[in-house]
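Only one chain comes next, encoded as structure tokens, the form predicted alone.
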């Protein structure tokens, strides 16, 4: 599959972010815990190079726990603070303020020495579309102060949000890069729903997911879709496995033919919702 996608509003958002960096002390970057590297915007490292950094591994409830620990160590080794959370259920949210204050400890100390007290930390919240940025802000603030949605590109404008006397958040639009140098990055983003399904071939996407699952999570497909009489043969080709899923789940088209597209949509949906279990699609390189 080839991925080329860069809506015009994202170019504008990047320029705006460059200006907003002058106003803030800390960059809070949300990534999807299932693909922590592929769900980052490479521009953020350059734009925020002189700022304190906090990486939030969001949707961690859907990710492999062991892989999540490895990713936390990976980002800490790069000088970032890290919190694993699930913004929807608010799991892990209580840690965020303490880590924000720790990340900005030097800034707070500098202010104190200059006689400046009680100036709130100003943080910019960034992340590519659909990593749960607005849901995080709403959970953190305790009220619906940022528009949320389950499709990429819902957040369009800029908002300052006063959380408490210690922290102010600047929300930004999610941005993606203009092209995927590594097509596997585009594939992983498509699998988690960060690219609109309308421009994707879901049948092809499901075959790529089957390849990943049979390699890194053997037994998952059979546990979910196999039956006593018809187990899933995970050694088969991806298209054959998709056919087995279609047969076992009775995804049928007219004329009693297998409906591969229906089975593909089912598989992608059950992966995204966590019904296949806690799955991480990439590991940090040593």
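Positions refer to the first chain, counted from 1. Take the two forms, find the largest set of C-alpha atoms that superpose within 1.5 Å, and that set is the rigid core. From a predicted model like this one, the values you see are computed outputs, not experimental measurements.
The protein also exists as the form predicted together with a small molecule; that form is not presented, and the subsequent description refers to it.
Just one listed stretch, out of 71 to 79, 131 to 139, 116 to 124, 100 to 108, contacts the small molecule in the model of the complex at the 4.5 Å heavy atom level, and that stretch is 131 to 139.
Shown alone here, residue 169 lies farther than 4.5 Å from the small molecule in the model of the complex, counting heavy atoms only. Looking at residue 88, you'd find a heavy atom of it within 4.5 angstroms of the small molecule in the model of the complex.
When the small molecule is considered in the model of the complex, residue 39 lies well away from it, no heavy atom lying within 4.5 Å.
Using a 4.5 angstroms threshold between heavy atoms, residue 52 stays clear of the small molecule in the model of the complex. Just one of 61, 259, 233, 45 comes within 4.5 Å of the small molecule in the model of the complex, counting any heavy atom, and that one is 61. With the core held fixed, the Cα of residue 18 is displaced between this form and the one not shown by less than 2 Å. Core-superposed comparison between this form and the one not shown: the C-alpha position of residue 278 differs by less than 2 Å.
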